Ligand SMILES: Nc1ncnc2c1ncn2[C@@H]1O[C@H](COP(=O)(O)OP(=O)(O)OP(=O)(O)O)[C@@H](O)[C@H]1O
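Have a look below at one chain only, the form predicted alone, in structure tokens format.
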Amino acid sequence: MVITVSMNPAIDKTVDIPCLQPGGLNRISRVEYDAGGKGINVSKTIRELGGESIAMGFLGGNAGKTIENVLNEKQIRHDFIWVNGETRTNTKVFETNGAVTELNEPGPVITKEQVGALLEKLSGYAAENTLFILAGSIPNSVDKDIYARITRLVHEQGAKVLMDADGELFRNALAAGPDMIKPNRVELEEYAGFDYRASDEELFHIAKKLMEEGVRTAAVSMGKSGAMFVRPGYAVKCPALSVKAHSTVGAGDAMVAALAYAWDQKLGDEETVRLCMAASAGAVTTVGTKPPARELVDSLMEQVIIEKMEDQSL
């Protein structure tokens, strides 16, 4: 069973314009709305891949009801805590030249009692055959150690954790020993304290160190440079696939979804890597945060090139 946790979900509003004119009039050529937030995006992609998940977290107001309706339409199971206030709307402005401007709202205030209710609900699902996905931002009112708390809580019952976060959330959660992580290049550089663009070898070294600290799978997305996958006894990197891109928004979420789906289906290392690369590449061809079609993912899997890293001593 896969559980996606969206502490701060959103309605994703995607608009296309020729060129953003700050302080001036901007005429929109296309608008798309979808249920979003990293955890919900992961659930949508898992569904498209043919798997199942349960979406959990906090919802509020009319925007929350809209997200609930979308999940019902897509036949995605959910079990949210309802709160006062309005679930946020995040606006992504796409220009013809490929530039993206994001306007993200803060979201509702979450009380300690509501956090406690969510923890209790998550604990009820935790078991040895359960993977919890902790992805994305959290409301300002929630402590930055929440992912670490959830990780320790569900680990006590034998569940696994896949974490995709940044900054303080990432560092705190690592102390609790998540089983899988999906940082991007910048997030890993920030964690290591680098003030420059790290080489592939340096990223590999950081990933190996995380293995020594208990992480069992590190999938490092590197943008146009592809991605790196590190597991005990297995370390590879893959060049990025050549696709006609609309936006890189959602590519990381698709990779997380593929990792979770592969875990749930007990896929081998190579098939997992191919699925992750294909799902991520497929996601950049879609509008907004819509998941790639399974048929597209299957066709892209055949194009994935897997290169072994030199040092396999993990």
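Keep in mind that this is a model prediction, so the values were computed, not measured. Note that residue numbering begins at 1 and tracks the sequence as displayed.
There is another form of the same protein, the form predicted together with the named molecule; it is not shown, and what comes next is about it.
query: Using a 4.5 Å cut on heavy atoms, which of 56, 67, 281, 260 is close to the named molecule in the model of the complex?
result: By the 4.5 Å criterion, the partner-contacting residue is 281.
field: Residue among 146, 222, 235, 176 with a heavy atom within 4.5 Å of the named molecule in the model of the complex
entry: By the 4.5 Å criterion, the partner-contacting residue is 222.
Within 4.5 Å of the named molecule in the model of the complex, all of 39, 44 and 134 (non-hydrogen atom): No, the candidate spot makes no contact with the named molecule.
query: Which single stretch, out of 180-188, 203-211, 100-108, 116-124, brings residue heavy atoms within 4.5 Å of the named molecule in the model of the complex?
result: Among the listed stretches, the partner-contacting one is 180-188.
task: Please check if residue 63 has a heavy atom lying within 4.5 Å of any heavy atom of the named molecule in the model of the complex.
output: No, residue 63 is distant from the partner.
query: Taking the shortest heavy atom distance, is residue 227 within 4.5 Å of the named molecule in the model of the complex?
result: Contact check for residue 227: yes, within 4.5 Å of the named molecule in the model of the complex.
- prompt: Could you tell me if residue 49 has a non-hydrogen atom within 4.5 Å of the named molecule in the model of the complex?
  reply: Because no heavy atom of residue 49 falls inside 4.5 Å of the named molecule in the model of the complex, the answer is no.
message: Quick check on residue 35: any heavy atom within 4.5 Å of the named molecule in the model of the complex?
response: So residue 35 does not count as contacting the named molecule.
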